[in-house]
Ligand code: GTP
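So this first bit is one chain, no partners, the form predicted alone, shown in structure tokens.
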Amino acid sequence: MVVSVVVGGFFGDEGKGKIVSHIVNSKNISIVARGGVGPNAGHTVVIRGTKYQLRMVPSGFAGKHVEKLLIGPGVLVNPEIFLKELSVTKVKGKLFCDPKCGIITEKHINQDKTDVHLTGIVGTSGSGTGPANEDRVRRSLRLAKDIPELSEYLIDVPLIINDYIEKGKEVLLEGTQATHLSLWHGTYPHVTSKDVTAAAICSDVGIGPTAVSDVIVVFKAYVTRVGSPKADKMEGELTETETQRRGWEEYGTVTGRLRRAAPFNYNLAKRSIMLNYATKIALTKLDILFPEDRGTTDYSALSNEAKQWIEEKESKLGMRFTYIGTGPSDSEIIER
């Protein structure tokens, strides 16, 4: 039984999409299924020089052995974004969503962009996911099975995934956002509208926890987050000037906002490892800290400074990084 779950360890933007794409292309993955909230999360993947910024299609869409790309019933779907990305990625015949996926409407998007609490306090993405999840709790949300445009893309996701598991085929579950944006475990109220830890991703796609063999938590070489300016400052948070000086300047894929930045945080990382019961951890953006190591795929070829930085983190976390990203491409990864 080989089921892997990939989740973020900080506040999102860790490069989960790249890690997922790498794993899918280096392993014999048959299904990539997406859990998480919905199109409020953007995953950027660079494949053979082409950049894809995805909000609905799983990041492992280009895997050579992938037979199905699935969106679990716990995930919200914006039909317009779903169909647009289907066209861009050219995965018709592989991409399906569950009939029980909740549907985001224009009403939800307008509410997300105009509600004083959501915009001023929480600092939401404006994608409509929070109000849609609110309607789901009220049992008034429309589901994918009610949308004619999606009728040919509907499939029983839990049934398909569990059937593949029973046949011994490899499955990868892709989470969104990150542990410290969880509604339960994050920096409430400046969080997303549901839990997004590994356990929740399993629930989103319809499998039990005993089916999981690996939980891979992804960390970035520094911490960033997009969110309300009223949220508590991160430990060691940098000014915009210092962020730019260090070359850590980033903008949210969905919101376009400048991400707040701070150095790698051991306490947050250790808690993520605990909450997700990580079996493996991954590191991305090492090349931003050590530009001379960009594109390196052999650990022994890294600079001494980079190795020292990595080994210090590993010693304090009590785990070794299985995957180390050294560039934006899914091929620029050290696997140990």
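All values derive from a computational prediction rather than experimental measurement. Numbers for residues come from their place in the sequence shown, where the first is 1.
Not on display, but discussed next: the form predicted together with ligand GTP.
(message) Looking at heavy atoms inside 4.5 Å, which stretch does ligand GTP contact in the model of the complex, given the options 155-163, 169-177, 102-110, 134-142?
(response) Going by heavy atoms within 4.5 Å, the stretch is 169-177.
(request) With heavy atoms only and a cut-off of 4.5 Å, decide whether residue 288 touches ligand GTP in the model of the complex. (result) Flag for residue 288 set to yes.
(request) Mark residue 33 yes when one of its heavy atoms lies within 4.5 Å of a heavy atom of ligand GTP in the model of the complex, and no otherwise. (result) Judged by the heavy-atom cut-off of 4.5 Å, residue 33 is well away from ligand GTP in the model of the complex.
(request) Give a yes or no for residue 284: in the model of the complex, does one of its heavy atoms lie within 4.5 Å of a heavy atom belonging to ligand GTP? (result) So residue 284 counts as contacting ligand GTP.
(request) Answer with yes or no whether residue 326 is in contact with ligand GTP in the model of the complex, where contact means some heavy atom within 4.5 Å. (result) Residue 326: yes, in contact with ligand GTP in the model of the complex.
(request) Between 7-25 and ligand GTP in the model of the complex, list the residues on our side with a heavy atom within 4.5 Å. (result) Result: 12, 13, 14, 15, 16, 17, 18.
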